[in-house]
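Shown below, as structure tokens, is a lone chain in the form predicted on its own; questions about how it binds or moves come after it.
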């Protein structure tokens, strides 16, 4: 599979590999796609910039939202799950995409269990189910109490290992190889030491996860730097809904925390925990009919308002009172361990929590089949905007989306290859050593957290735009850090452009200067592409299918 090419001193690729399908990322969407593609007889290579098990999937705590035959609340149904998803998405979901993914969910979960996933049993012998924010029924299945993502990742990695699925670890994709007609024929990569290489394939699947590292505090791991989204934009793909970044209402608060913060799963509130302020008053009383189990955007905004209006000044956290949750340590061992590490006993003490960047509802425009507007380029999982999440993701829909769209994308690639629709990767050009605008990561994260988090306004976004414009310098992309910082810079510029233009509050996008949702003007998604000079530009707003 590997062939030497040129010489390292010229900084041109020194090695080359070929496959039918390159999968960038080793989370639930990427590994599901790779395994399904292998079953279909494709030569597959998975490329991950960390170890194969280090994706964002393993940090997911809550579970998988799915309505299983014979294992659901009385009156619950997939159609009710669809309705809850559409409500949470605040008018920007695409109903056909929602129905397609959620109706395929039970089959995907059955496959995952067949290959070894072990979900928690309930008292009746059926699977245990919990309820999370925005759900009208107990339909979230879980594993290890609050370690569902870890169990999903363990299962998929074990299956990949057993099948000898080729995986290239600690390599980062830099740019797409493009044919003269603009089709994708592979990617350039850097190994851990910055040695460049070429990976050629007629199909490239982006399954690179989110962009949480845009902010100072996030539930995402260090590798969530938006580089798959940046690669897609540079390859000519369009993105949408980038202004909708979901902040999880409850990550564990520790003073001065930076980077990935421990998550306090929403399922804790599903089991009866209550959000309170420093005086012990309920944060969610009177805010929403679902109270503490309102959709995440509602809860995060309510917490932020309470923190900024605290008597005696601004607070930087509130509390989650879980003292009434029985057997907390057994039901939520991951959360319990994180709390004990900072000296908090959830059985006796309220848990200090604060919102943090959690999930990108937007991304590369793709169908539920993974196809994008660029021939040979596919996207699945958090990096993709399929229309499932709209302006705000419903809790625990993400693992399900990865399972369904990962498998569906593999089938699309196989079909496109068989139909001769993809380009000959030999025709794809080798790009020169790439330079790109790069901002200082620390400064970018501080500015994004201050001006583009939960509360935004025109003045702050203008300041942020100026900071990004003035602080960037063109830099050769010679290291993993360079590639990541260039991606963060480009994605931040695109997000700010979309947030400035959307003059309303909807879902995860909260404008202090435009606090009202405006369906007449803004029940639409915004498309973003790169100009010939490489700057993010907004196309005319396009009507969301959900607006009908």
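Numbering follows the first chain given and starts at 1. Treat the numbers as computed from the prediction; the structure is a model and nothing was measured.
The protein also exists as the form predicted together with a small molecule; that form is not presented, and the subsequent description refers to it.
TODO: With the small molecule left out here, work out from 159-167, 465-473, 390-398, 279-287 which stretch has heavy atoms within 4.5 Å of it in the predicted complex.
DONE: That would be 390-398.
Open item on the list: in the predicted complex, is there a heavy atom of the small molecule that lies within 4.5 Å of any heavy atom of residue 61, even though the partner is absent here?
Closed with: Within the cut-off, so yes.
Open item on the list: Is it the case that residue 356, even though its partner is missing from this view, gets within 4.5 Å of the small molecule in the predicted complex, heavy atoms only?
Closed with: No, residue 356 sits far enough from the small molecule in the predicted complex that none of its heavy atoms falls within 4.5 Å.
Open item on the list: Since only the chain is shown here, I'm wondering whether residue 227 would be in contact with the small molecule in the predicted complex (any heavy atom pair within 4.5 Å).
Closed with: Contact with the small molecule, no.
Task: Contact flag, residue 108 vs the small molecule in the predicted complex, heavy atom cut 4.5 Å - done: Outside the cut-off, so no.
Task: Candidate from 85, 386, 265, 220 lying within 4.5 Å of the small molecule in the predicted complex - any heavy atom - done: The option sitting close enough to the partner is 265.
- [ ] Would you mind picking the one in 297, 153, 132, 241 that has a heavy atom within 4.5 Å of the small molecule in the predicted complex?
- [x] Selected residue: 132.
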